[in-house]
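What follows is a single chain, given as structure tokens, in the form predicted on its own.
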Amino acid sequence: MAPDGYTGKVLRVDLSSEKISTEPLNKEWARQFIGGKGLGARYLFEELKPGIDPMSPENVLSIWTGPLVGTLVPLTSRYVVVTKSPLTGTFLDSYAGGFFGPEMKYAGFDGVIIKGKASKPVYLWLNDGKVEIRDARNVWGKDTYRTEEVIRKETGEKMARVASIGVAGENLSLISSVTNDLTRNAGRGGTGAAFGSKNLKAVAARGTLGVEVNDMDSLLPMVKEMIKTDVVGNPDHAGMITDGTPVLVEMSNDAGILPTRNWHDGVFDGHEGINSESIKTRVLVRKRACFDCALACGSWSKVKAGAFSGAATEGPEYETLGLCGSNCGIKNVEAVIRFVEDCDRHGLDSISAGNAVALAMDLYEKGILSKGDVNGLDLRFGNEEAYAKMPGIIAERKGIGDLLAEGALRAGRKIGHGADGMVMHVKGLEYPAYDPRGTIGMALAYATSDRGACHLRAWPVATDAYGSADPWSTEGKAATCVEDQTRTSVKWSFIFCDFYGVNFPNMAKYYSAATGYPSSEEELRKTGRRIWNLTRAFNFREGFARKDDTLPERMMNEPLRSGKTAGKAVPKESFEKMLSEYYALWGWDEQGRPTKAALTDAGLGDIASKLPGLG
């Protein structure tokens, strides 16, 4: 068989029976869905019965790479965890960069499919095609930093890469993450709880098997040109290279969309204490890069003095600065670094954790929660001492942490007194750091994302708030979301980095050279539509429809207070009109249900036949 960028092997592990097997990659599905998100979604739809509890042994958990991962093509070092989300009940794909993805592929596998539940804590050890289920009781209860250290020592492989859960995942927190390379997290949707529910502490990989592409003579010049023109020489990437995503703090504050004090405002009076300049002048140690990356947008930061001296982490990146910084009223990047390091060690999604803590602060200031309710802390917005204790409290489910570990929406519902109306979410997944009252395109992007509120499916904020488009006009916003969702469905299937705005023509030429499968912009657009329709079909099968593609009432009824967006909210009538236009562009019915015609046209006729009730 000619080399095509794939290893050609899928690993299956049943933790209940301790059965391990290897099977050939379904090459027909690989042609139709590429890898990463698409391939993971296809396997999940086929193998998961409808209505399964995501925390049950019957849930299917898988890890996938793509055909470009581990090749010379830069910005393709990521892997994806695919499962039914413990937090939302939707389709879930959660990504992380670093080095684990390429290492898993070098160990011999395009994907790993995990079912069942181990009788005791275990981890998987993948090493040049060999697989073991190993006892993890010696690392159960340990943080992710220590877990990586112990597993490397135990395997005797200093270069082993480890994707593990911390105490949060062990305690089945629905906002827990899977962490690799200390600071890289497949964070959204409760991936850590999916691991923990199976008594799976980690997956570790070391490999020397390499990856073969079809046409290196063609691919190598493309890679050189990509680095020269699209990465290093691209003016759109200049800020990423020098500052990374923290440049967005100032941009969002100026645009009036920076989440502030639990989403009450879009402008933060302390933004200068958490922006890129504060990182560069106060805490930056050195720049960092993922595997085979010329962008190097990461920053290793360390607190040099004060109450949080010694705290260190990568970044913090923009989403964290917004949700764990301004949204909690925190004005000092040093406090954010302590918070984020603890999230990484405990295995918590910092986006969800920041939202959950901001909710608790809001409720405390309003008198709905008393000091006794919040573990004796003075949990005011901006109180760094109390704030810094919260990741550990949530991970260990102590007091208020037991509620917040369930995610902000569930916590709000249990607390009552209207607390659930103070949670900014879609389908139970907490908002990323862009207030849609200042970018109506993001309102639609959040509402229609297949995994709940997400900025990685469509990002109209780039033109709405940061660009020249009218951020409150609905004109063309549905088409923008459809275009972005189509493109990113392909992008996350290869799996390219977040920060590479790769287009269809480039993806087609890399794909053709690496795999030997002829491709084109038109073909990849069809693939993107196929993948997005597939995840929509999965969510429809699980009971999701138009009623779930919505926004919190605050976004529609409570205008922002100050700055450029003062007095702005999302008009309900405009939003609903935009949503109907969006459904029509996809060929779905007015309730957002995929139709037989839309699925068949996308090449999913077999999927349509398995879904009763389609129009």
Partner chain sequence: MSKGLKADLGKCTGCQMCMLVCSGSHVGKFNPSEARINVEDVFPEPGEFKINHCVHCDEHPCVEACPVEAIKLNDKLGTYFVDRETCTACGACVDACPYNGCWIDPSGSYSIKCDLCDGDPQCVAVCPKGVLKWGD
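Everything numeric in this text was worked out from a predicted model, so none of it was measured. Positions refer to the first chain, counted from 1.
Below: the form predicted together with the partner chain, not depicted.
In summary, the region of this chain contacting the partner chain in the predicted complex, judged by heavy atoms within 4.5 Å and restricted to 259-267, 206-214, 435-443, 243-251, corresponds to 206-214. Here is the short version: of Ile227, Ile415, Val150, Ala508, the single residue with a heavy atom within 4.5 Å of the partner chain in the predicted complex is Ile227.
For the candidate set Arg451, Arg161, Lys491, Arg184, a heavy atom within 4.5 Å of the partner chain in the predicted complex is found for exactly one residue, namely Arg161.
Heavy atoms of Phe499 never reach within 4.5 Å of the partner chain in the predicted complex, leaving it off the interface. At the 4.5 Å threshold, heavy atoms of Lys130 stay clear of the partner chain in the predicted complex, well away from it. In the predicted complex, Tyr145 approaches the partner chain with a heavy atom inside 4.5 Å. Using a 4.5 angstroms threshold between heavy atoms, Phe99 counts as touching the partner chain in the predicted complex. Residues Leu15, Trp140 and Gly196 are none of them found to lie within 4.5 Å of the partner chain in the predicted complex, as judged by heavy atom distances. Of the residues in 275-298, those that come within 4.5 Å of the partner chain in the predicted complex through at least one heavy atom are, in sequence order, Arg286, Lys287, Arg288, Ala289, Cys290, Phe291, Asp292, Cys293, Ala294, Leu295, Ala296.
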